[in-house]
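In the form predicted alone, a lone chain appears below as structure tokens.
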């Protein structure tokens, strides 16, 4: 069950590290996909209309794509694989083994994307216009196909659908939220790339006010599809598991607020683009472009937060809990014990560890991925003021009282040890000095 070591990150926790890296990578990846569409359509339009200003901007834009999408994107992509392989080894292994050929397909598209992108940037003015345009469309197509394949794997983690019964990889890939995920990520990609283009064109004084206005109005054409965010989000909502729906509908206030903000912000940006930039042909300066881009970034991050949050208490819904315990392993863990299935945590331990040490290992195995002492989601603050009896009662019924958390498993001895450890933790943090005797009495009674 816990055959791999735990990765403990002071202050943040391994789960938060994954979240931060993944969020940055999603922003970069979406920009890269949207930028490909803008470059392909933009160069096609510019060459047809003989728009030299737009061509000059697209050359600059392709350089930014190289720096942000390829350089920074590659670093953040490697960081994701590094972090998930340490923090969620079982889930990573399950995803690789389940979708091995889909990963291979995605990596082929990614390779084509990279080669075409570098060839496109380096061949400005060096190859015939027709050939250069072909490179743009190859890059845009490969980048979107990479998004298409990844969307199937990511959406599977929340809504595995029939795969849970059949084990068929196509049932897992073509899951209930696959298509809405593709549409949502495509809309987000176009929005982020379009607003980035507006920021970038304002950074170059070589373009006149009229030229910048025309380029901004062209980029705005990729923003108006954001008005579709609300109906597509409803389509996505209909495909997620029932408990995940309750979290959005008020079961978790943070999920509800972030979901509503993400949808509202995206829709408003789309409405502004249509009426202000496409219909009225207005100009926006650098500060306004940065403001709109910031709103879009926050909206995207909000939606990613919701996607991750409503998957709790699972990493892979109905199959693997967030603490790397499989759903069908709960009874075994309760009968055989947690330490019996965690060989790395038994190294250096005496045959019969004292309750405090046993409780510490229980905490490290089942809690430390999401809760960090004196850091993010500090469990000491969450249980501050709880007497020992209340803590023991709640831990025994953790999954029932807080369904977004995995069940606490272990033998009776291990559970009591965790209670003792947490009570002593409160005492050491100075949450309530009166608990000192309670914690000590618990340790003495178990020794």
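Numbering follows the first chain given and starts at 1. Note that the structure is predicted; figures quoted are calculated from it, not measured.
This next part talks about the form predicted together with ligand HEC, which is not shown.
Of the candidate stretches 103 to 111, 310 to 318, 127 to 135, 195 to 203, only 310 to 318 has residues whose heavy atoms lie within 4.5 Å of ligand HEC in the predicted complex. 371 is the sole member of 371, 361, 90, 214 with a non-hydrogen atom within 4.5 Å of ligand HEC in the predicted complex. The single contact residue among 392, 379, 55, 68, judged by any heavy atom lying within 4.5 Å of ligand HEC in the predicted complex, is 379. In the predicted complex, no heavy atom of residue 188 sits within 4.5 Å of ligand HEC. Contact between residue 64 and ligand HEC in the predicted complex is not found at the 4.5 Å heavy atom cutoff. Contact check for residue 398: a non-hydrogen atom falls within 4.5 Å of ligand HEC in the predicted complex. Contact annotation: residue 39 falls outside 4.5 Å of ligand HEC in the predicted complex, judged by heavy atom distances.
For the stretch 8 to 30, the set of residues having any non-hydrogen atom within 4.5 angstroms of ligand HEC in the predicted complex is empty.
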